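Just one chain follows, in the form predicted alone, and it is written as structure tokens.
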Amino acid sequence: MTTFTAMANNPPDPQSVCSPITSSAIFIVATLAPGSDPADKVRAWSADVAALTRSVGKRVPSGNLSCVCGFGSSAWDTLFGNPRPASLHAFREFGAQGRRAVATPGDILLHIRADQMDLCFELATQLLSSLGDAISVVDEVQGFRYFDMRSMVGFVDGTENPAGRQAVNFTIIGDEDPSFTGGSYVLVQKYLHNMSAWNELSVEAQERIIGRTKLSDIELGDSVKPSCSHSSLTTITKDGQEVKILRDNMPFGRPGAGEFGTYFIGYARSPEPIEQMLENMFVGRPPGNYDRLLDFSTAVTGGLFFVPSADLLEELADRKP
């Protein structure tokens, strides 16, 4: 059995999980083709992701191009075997029919970010070209930054994101899983919004659903904010301390097709807090007291992935199950 060892005095560098927020992004979810040849190609490709990102990024050094690559649970077993990340598992579904966090196929996630869409586009093209028919893309979303960091429903997004050292502490694995120090977990969902119904609500009604003021982005007071508000149900505490995740959500859409959406992407050092948020939203806290934003938003995809450290991503080219 192969073991991955993180040197205590020389911890591995994470991938660009905590990169600055950018104005453009492409999210790609792909499945692995069956057979040993596709697996060999993906393993070899993993060593080239960082180099391809550097090569494309050199064209516009100020463009803040980055790429995060993650692997799903079954893909990890197929590609790399044991040891495996301690908390990696298939996406857990929550809720009931009509209001459900659904699981959809996905073995590889690429989260490509830059301040220019052409950089994202070029890197996506190069990465997918290298993989060829070893994978099939099952979902691809081009996201954009909407005005002053607002979501598709008009509220500022990511206000409670941790920053600096706190962001690293909440997202990057430490000694709790020594073989995978420097890694992270990422959960993604694509939401579609009924904007016609949402826009029929008064601003005050929207604010009660979100739990913040729309214009000034101030959290509503406890005496006013409903317990079923989005902000109430996505606030997680453990041992008296708030547990944060790092969101880099992006709006997307096709006005001509009536498609308006939000691509949710959350990073954490364990899937537990994100999954607790989803359970609170879709089932309710207590059950039945669900997130009323889901009356206007439908999750159409769902996937959980492990993001190895940058060092391990390159080493994985030489690992076989």
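The first residue of the shown sequence is 1; numbering continues from there. Keep in mind it's a predicted model, so treat the numbers as computed, not measured.
The form predicted together with ligand HEM is left out here; the points below concern that form.
Chemist: Quick one: find which of 225 to 233, 119 to 127, 70 to 78, 102 to 110 has residues within 4.5 Å of ligand HEM in the model of the complex by heavy atom distance.
Modeler: So the stretch in question is 225 to 233.
Chemist: Which residue, T159, Q241, N169, S196, is the contact with ligand HEM in the model of the complex, using a 4.5 Å heavy atom cutoff?
Modeler: That would be T159.
Chemist: In the model of the complex, which of the listed residues (I26, V56, V42, M277) lies with a heavy atom within 4.5 Å of ligand HEM?
Modeler: Selected option: M277.
Chemist: Considering non-hydrogen atoms and a 4.5 Å limit, does ligand HEM approach V153 in the model of the complex?
Modeler: Flag for V153 set to yes.
Chemist: Just checking whether T262 would be counted as a contact of ligand HEM in the model of the complex - the rule being heavy atoms within 4.5 angstroms.
Modeler: Contact check for T262: yes, within 4.5 Å of ligand HEM in the model of the complex.
Chemist: Looking at the partner-bound form in the model of the complex, is S297 within 4.5 Å of ligand HEM by any heavy atom?
Modeler: Contact check for S297: yes, within 4.5 Å of ligand HEM in the model of the complex.
Chemist: Do A268 and ligand HEM come within 4.5 Å of each other in the model of the complex, heavy atoms counted?
Modeler: Heavy-atom contact with ligand HEM at 4.5 Å: absent for A268.
Chemist: Give a yes or no on whether every one of Q189, I210 and M281 sits within 4.5 angstroms of ligand HEM in the model of the complex by heavy atom.
Modeler: Judged in the model of the complex, Q189, I210 and M281 all sit within 4.5 Å of ligand HEM.
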